[in-house]
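Here you get one chain, nothing else, as C-alpha cells; it is the form predicted alone.
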C-alpha cells in the first residue's frame, strides 16, 4: 500500500535486467519505495543491482526467475510475489527483444520468438497482474512500449508491430480497469542508448534510461496515462501518424 504521502512502497519489475526499468526503480527507492522484486530469466545476474538498491534504502530487494516465453509459468511466479509480500503497489513490464530485422527476414522462427516475448508474454503477465490489482483494490501497471509501435518502419517492422500490439493491449486493459482502483500507464520512449541498442545509429531526439526515468516520474506525478520520452515526440508522432504512406516511407528511411 502506498504511504501517507502517496509514494510507491513496493514494486515488481518483470524484466528485471532492463536499464530503463532500473533507472525508474532507482528513483522509486529514492522516493521511499522499500520493497523491490526483480524478475528475470537469470536472477543471479542481478545481485549487483540488488546490492545497490539495498544500499540506496530498499529494505527488501530480491530477484526471482521469470521467463517471458513461458506464459504457463506466469501465474505461479507473479502470485508467489504478491502472496509473499502481501501487497504490490506497482508492476513494471519491461522485458522485450529488439532483434535485427535483417535476421528476422530470413529466420521466421526467430521473428516469432521475438513476437512471443514482446507481445504474448506481456499479455499473459499483464492479465495476471491486473487480476491481482483488482483483488487488492489498487495498483499501477507501468508498461514500457515504444514509439516504434506508433508507426512502424521498414527497418524494424517486426519489433514495431509487437510494440503496436502491446500498446493497444495496454490501453484497452487500462480502460477495463477503470473503477477498480488499478490503472495502466503506457510509456513510449524513443531511441534509448542502452546495451540493447548499442552499435545502432541513434534516431533524432535519442535519449537515455535516466532521462526516460525522469519523464516517467514526472508523468506519474501528473497522473498521465501515456508518457512520451522525450516529450517532444508527442508533436512529432502526431504528424507522423497522418503522413501519407508514400511520404512516410521516404521519411522513415532516413
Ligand SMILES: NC(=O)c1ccc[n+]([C@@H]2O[C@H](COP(=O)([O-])OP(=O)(O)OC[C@H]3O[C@@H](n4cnc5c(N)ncnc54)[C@H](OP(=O)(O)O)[C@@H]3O)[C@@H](O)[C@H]2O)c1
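Given the structure is predicted, the values throughout are model-derived calculations rather than measurements. Numbering follows the first chain given and starts at 1.
Here the subject shifts to the form predicted in complex with the named molecule, a form of this protein not shown in this document.
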Just one of 122, 170, 91, 144 has a heavy atom within 4.5 Å of the named molecule in the model of the complex. Which one?
144
Among 203, 56, 217, 69, just one has a heavy atom within 4.5 Å of the named molecule in the model of the complex, namely 69
Counting only non-hydrogen atoms and a 4.5 angstroms cut-off, does residue 185 reach the named molecule in the model of the complex?
no
Looking at the partner-bound form in the model of the complex, is residue 196 within 4.5 Å of the named molecule by any heavy atom?
yes
Touches the named molecule in the model of the complex: residue 12 (any heavy atom, 4.5 Å):
no
Classify residue 96 as contacting or not contacting the named molecule in the model of the complex by the rule of any non-hydrogen atom within 4.5 angstroms, answering yes or no.
yes
Since the chain is shown here on its own, which stretch among 30 to 38, 187 to 195, 217 to 225, 47 to 55 would lie within 4.5 Å of the named molecule in the model of the complex, judged by heavy atoms?
187 to 195
Residues of 105 to 130 having any heavy atom within 4.5 Å of the named molecule in the model of the complex, listed in sequence order
117
